[in-house]
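Below you will find one chain, with nothing else, as structure tokens; this is the form predicted alone, and questions on how it binds or moves follow later.
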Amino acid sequence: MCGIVAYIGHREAYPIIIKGLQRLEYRGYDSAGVAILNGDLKVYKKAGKVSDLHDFVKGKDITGKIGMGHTRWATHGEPNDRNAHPHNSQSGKFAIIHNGIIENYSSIKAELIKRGHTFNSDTDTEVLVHLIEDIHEN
């Protein structure tokens, strides 16, 4: 299982998202991450508990009124920083969080590698965000 929380509104997103992740931590506790949109898309993720993520982002730019967060229970790839969600597309324009299993991710990944995509994780979710970007661009 995994936990997903998102916020769009007039308040700062990070405090709302981190509180939501703390409440959802029982659904996954091997890693956690957030994506915050404030002009640029910023993604912060960390293996371990939500408190490890919260400590990791101290001093970093977490401002923005749009964001999403994820707490993970690994299905593809071992629990570590690079396999934590959210995952970015190749350009960094898109980020995605996903709960579930993409059965045909390996064949999609092979095709995207042929098209020049480089992957930074061992997850099926990263394949999905690369596919979305590939479709968007082509």
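Numbers for residues come from their place in the sequence shown, where the first is 1. Since this is a predicted model, take the numbers as computed values, not measurements.
Omitted here: the form predicted in complex with a small molecule. The next part is about that form.
- Checking 44-52, 59-67, 108-116, 95-103 against the small molecule in the predicted bound form, the stretch whose residues place heavy atoms within 4.5 Å of it is 95-103.
- Although the partner is absent here, residue 89 is not a contact residue: none of its heavy atoms lies within 4.5 angstroms of the small molecule in the predicted bound form.
- Contact annotation for residue 2: at least one heavy atom lies within 4.5 Å of the small molecule in the predicted bound form.
- For residue 26, no non-hydrogen atom is located within 4.5 Å of the small molecule in the predicted bound form, even though that partner is not displayed.
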